[in-house]
Structure formats: C-alpha cells, structure tokens
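One chain follows as structure tokens, the form predicted alone.
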Amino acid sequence: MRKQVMSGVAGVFVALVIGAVIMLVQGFNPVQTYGALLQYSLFTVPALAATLARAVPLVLTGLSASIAFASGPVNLGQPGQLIMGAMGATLVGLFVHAPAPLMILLCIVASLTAGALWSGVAAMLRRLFSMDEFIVTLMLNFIADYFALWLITYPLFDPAALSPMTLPVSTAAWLPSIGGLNTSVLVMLMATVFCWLVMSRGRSGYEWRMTGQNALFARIGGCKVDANYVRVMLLTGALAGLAGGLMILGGSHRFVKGLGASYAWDGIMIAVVAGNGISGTFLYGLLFSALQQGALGMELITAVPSEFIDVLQAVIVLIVVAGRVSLNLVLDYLATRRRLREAQ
C-alpha cells in the first residue's frame, strides 16, 4: 500500500511538472494555468460540488473495471453497460408513477439490473460457448449504443426536441441536492464503501482476488471459479449501469444522444492507473474529475486549450503506470540494503 501511494504521488507530481514544461514551451504561464484549473474545480463551493458530481460516473465505471480486472474477467463493456443502465432508469422514469422515494429506488434498481443483465450476456456466452468476454463486451458496447440511439430517435423521441432524446423522466425520479451537492455523490460513496468491504474484508472478494492472481490455484483451493466469474461480471455490470442511471436521475433527467461520452473509457483508464485498487480508483477518479471540471475555466482565464487536460491525463497514466514497477524495484533495493546493514 505504501509503495502504491508513493508511486502514485510521485507519478502525478512528475506529470504536472511535464505539463508545466509543455506550457512554458508554448508560451503559457503554468502557475496561472494550474491556479485557474484549481479555482474552477476545487476552490469554490459550486466548483467542488460540480467536481464531485462529475466524479460519479468516473468512479463507478472505474470500480467496475477495477473489480473485473483484479478478479480475472476482462470486462471492457462499461460504456455499453452504462448506456443500458441509463436506459433502464429512463424507462422506469417515463412509464412508472410512484412517490418520489420509491420512484428513485425503482430507477436505481432498474439501472443496476439493466447493467448487470447486459454484462450477463457476455458471461452467458463465455460459459456456454467459451467466447472471450474481452471481445464480446467490446462488441456489446456498439450494440447498446445503436440500440439506445434507435430508441431515442423513434419510439421514445421527444417531438419537441431538435435532436434525438427522450422526454424528461418524472420529477419524482429526480435526485435532490443537499446544500448544492447532488445526492448522486452520496450513492457513489456508498457504492465505493460497499466495493471496498467486499474486496478487502469479504470472503467473496478474497476468492475473486485469488482467482485473478492464479485461477488454477484458486480452483485447487476450493474456490468456485466459474460461479465467481458470473458473480463478478454481474456486479461489475451493475456498477457501470448504476453510473448511467445516476447520470439520468441526477443530471440530464432524460436520455440524450451521446450520453456518457467518454466517462466509461476514462473509468477503465482510471482502473489501470490505480492498479485495480478500490481506494486508488476512488482517488484517481476525483483527480481526473477535477482536471476535467477545471479545463473550461482554465481555457477561459489563461487561453490554454481545454484539450491540454487530455494530454495531461495521458501523461499521468504513462508516468504512473510505467514508473510503478521501476519505483517498486528501487524501494525493494533500498529496503534490502537496509536489512543487510542491520544484519551485519
């Protein structure tokens, strides 16, 4: 854990320095640029609330990818599962009528179920026909995208809209705000705690992690590898679906074309940077959310293109992931030297 923290902090620091050098070469003031970025993402209450709300899909899809990768399955279907989860919440919000608390609960359950079922398709094809979930989940992303586009263009299209989108969901399904903070953030925090407890303290999480490290060892040790595979796929699909549902209930309140954008792919990237750790995924999700939220304000104040944040995120990924192994080797070498001196 200590090594991961050190490598992460060092990697982010080096990436920021590299970003500052790039800005200097281009004639921009890095101190002013980073100051504007922080001002529009963290240093005011509305900015902080917006950053936390933006972090919801990043963290949830990141958790989905982290649990899957740490447990063995290569689930890359988070974009499609997010879309199906959002569509599930939208359908309930459009056609079900209930009091606000029950309505919100039904929409959340629908998003969880839709995401789980969509990832369950890949799990079923793996169990029945030995089809690689790496390919299946990727292909299902396209199917989910085009299926949702068909729905919002024809049967669910809002006649008053100028582009494909549904009617707004019932106001009873809208997540309230508490002091300017969208309550989807609280749902995300509860999901994060749940995932941490399962992976770090639960028997299932232990078996999943063992399977991810060595499936043969786990099977010989008595773990139900096949059943655990299905459970992991369903859970990770549900997390991605929840991300989509919360984007509807706490954001646009309707399904619009392009919903989700690159959030799910960013979530997968966050899982890789975090080394599939739950706490690391949460923290990197907040970091990437702050960078993305502050990008527009940075461009307005300093004229640095907001696309610079994409470059900075890529540099962070490269430095942290590439430097993790090297830094661990250095730390192990220094620790061995210290033990040898103490033994003499």
Partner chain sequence: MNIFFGLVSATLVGATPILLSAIGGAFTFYAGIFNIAMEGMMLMGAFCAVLGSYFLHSWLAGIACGIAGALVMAGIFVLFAVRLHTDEFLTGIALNLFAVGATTFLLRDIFRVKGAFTNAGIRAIPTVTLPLLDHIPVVGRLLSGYNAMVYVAGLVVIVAAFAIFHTRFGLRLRAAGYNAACLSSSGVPASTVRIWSLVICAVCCGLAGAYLSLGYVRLFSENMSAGRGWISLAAIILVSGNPWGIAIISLLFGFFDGLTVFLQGSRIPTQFTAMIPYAATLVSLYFYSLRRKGRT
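These numbers come from a predicted model, not from an experiment. Numbering follows the first chain given and starts at 1. We call the rigid core the largest set of C-alpha positions that still match within 1.5 Å between the two forms.
Below, we refer to the form predicted in complex with the partner chain, which is not included among the displayed structures.
In the predicted complex, the partner chain lies within 4.5 Å of some heavy atom of residue 153. Among heavy atoms of residue 160, none comes within 4.5 Å of the partner chain in the predicted complex. The closest non-hydrogen atom of residue 305 lies within 4.5 Å of the partner chain in the predicted complex. Contact check for residue 10: every heavy atom lies farther than 4.5 Å from the partner chain in the predicted complex.
Checked against the partner chain in the predicted complex, the residues 199, 104, 268, 259 give one hit for a heavy atom within 4.5 Å, which is 268.
Note on contacts: among 14, 321, 20, 330, the single residue with a heavy atom within 4.5 Å of the partner chain in the predicted complex is 321. Residues of just one listed stretch (145-153, 93-101, 174-182, 188-196) have heavy atoms within 4.5 Å of the partner chain in the predicted complex: 145-153. If you take 115-129 and check each residue for a heavy atom within 4.5 Å of the partner chain in the predicted complex, you get 128, 129, in sequence order.
Residue 322 is not among the residues whose C-alpha shifts by 2 Å or more between this form and the one not shown once the rigid core is aligned; its shift stays under 2 Å.
After superposing the rigid core, the Cα of residue 43 is displaced by less than 2 Å between this form and the one not shown.
Here residue 25 counts as shifted, since its C-alpha moves by at least 2 Å between this form and the one not shown after the core is aligned.
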